[in-house]
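Listed next as structure tokens is one chain, alone, in the form predicted on its own.
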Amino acid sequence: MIHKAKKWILSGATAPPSKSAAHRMLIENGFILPTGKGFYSLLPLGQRVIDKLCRILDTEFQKAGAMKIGMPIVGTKTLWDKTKRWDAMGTEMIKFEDRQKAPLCLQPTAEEMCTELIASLPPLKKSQFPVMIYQIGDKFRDEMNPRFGLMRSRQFLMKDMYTFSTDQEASRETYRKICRVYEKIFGQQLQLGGDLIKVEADSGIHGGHISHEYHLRSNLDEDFVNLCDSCGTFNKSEDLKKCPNCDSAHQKSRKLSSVEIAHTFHLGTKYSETIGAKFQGKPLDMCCFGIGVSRLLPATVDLLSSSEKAMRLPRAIAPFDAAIIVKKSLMSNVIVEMTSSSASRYLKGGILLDDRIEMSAGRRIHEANRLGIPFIIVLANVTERSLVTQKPVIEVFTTHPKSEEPCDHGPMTLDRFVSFVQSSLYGTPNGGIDGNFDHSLVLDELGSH
């Protein structure tokens, strides 16, 4: 689909002082806008990123057999009292009353509600297990000190999945299965594998038997993981002198600043026993799996951007796959339609036609690089001269994670450009950049935008 820059590119606001460069970039580049302390609106570019991320999540979890649902964001005190978490959640739970003075809350998580949903259904057949249901929706937390924008806000978008099995061993197999899906999403789809840290963690107020956190490195001192120099593994121990993963007599660990982007739990029967979700009289064994969807936006920008002059996102969730920058004198030339058609055929994440002809081509290249658009296609002086020879060429640039400047690949014919794109996305011969990349296939499955 072709989108015109005059409509889609909104001028960013001036960002307030913040330790988070990602937060400043998202505001100044027109992805988000503050509306109150700890609250943010997603502007069109930010919403496109979130929509792409949600489509990837939908595809991968539904491939694994999970079913998407929707549940209310408001919970009752009666429900939360069943697990004794109404008070245990503390002051971060946003509580209020309806007109009948019934106490309610904006739910920060949904274990209680989802378990009650399963308990309220007619008896399930054994062939229906494991039951895996998930939602992607807003959660709320009354943060004492909201900071770093979407990294720690009072309203945030989360993917939360809840699974129900007939016994503990089946539940642990489901846990392992969904953890593999997480590793595919972060590693293969978002290409964060080299930067992803999975670490055993405390279950905290959620409870349960097994828990893992997924982290990305960050300089914000928001969270931490320890790296043991002896065995090369990560842990969350408060004691830097003792690694729980090795027996070396000369253990030495380093604390690394990080940000948590996901958390998984094997809950056991804590909720099902209390709320009454059973199969043949026995409490169902549960797991839950969370991904901070809106948090991933600043977390990945923070990780992949080497300069505030050039924001970078995983290519799969960049707001557009390509920008086509056209010189004023060529706007009505058939070469524009030919280029747009060639790009749209293989780049399913949206094409931005930069029709802001009052700006120079160089300025628009700078703007596309600043937004981290993976492919930048220029139809300017070089293209105009090539039309005389009846062998038209376009200029092609690409942007890459952890780089500030776009990479100039020089003039190409449209046929050569198509081969270059195929090589870049799918790793076919005569390649250019990163191979083994299948996000376009994901977008095809659920409809490209």
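The first residue of the shown sequence is 1; numbering continues from there. Bear in mind the structure is a predicted one, so any value in this text is a computation, not a measurement.
In what follows, reference is made to the form predicted in complex with a further copy of the same chain, a form of this protein that is not presented.
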Name the residue from Gly194, Gly281, Pro122, Gly232 that puts a heavy atom within 4.5 Å of a further copy of the same chain in the predicted bound form.
-> Pro122
Candidate stretches 212 to 220, 289 to 297, 321 to 329, 86 to 94, one within 4.5 Å of a further copy of the same chain in the predicted bound form by heavy atom | 86 to 94
With the cut-off set at 4.5 Å between non-hydrogen atoms, does Arg55 touch a further copy of the same chain in the predicted bound form?
-> yes
Exercise: Leu106 in contact with a further copy of the same chain in the predicted bound form, heavy atom 4.5 Å = yes
Taking the shortest heavy atom distance, is Gln422 within 4.5 Å of a further copy of the same chain in the predicted bound form?
-> no
Does the 4.5 Å heavy atom contact test between Gln62 and a further copy of the same chain in the predicted bound form come out positive?
-> yes
Can you name the residues of 11 to 38 that have a heavy atom within 4.5 Å of a further copy of the same chain in the predicted bound form?
-> Ser11, Gly12, Ala13, Leu33, Thr35, Lys37
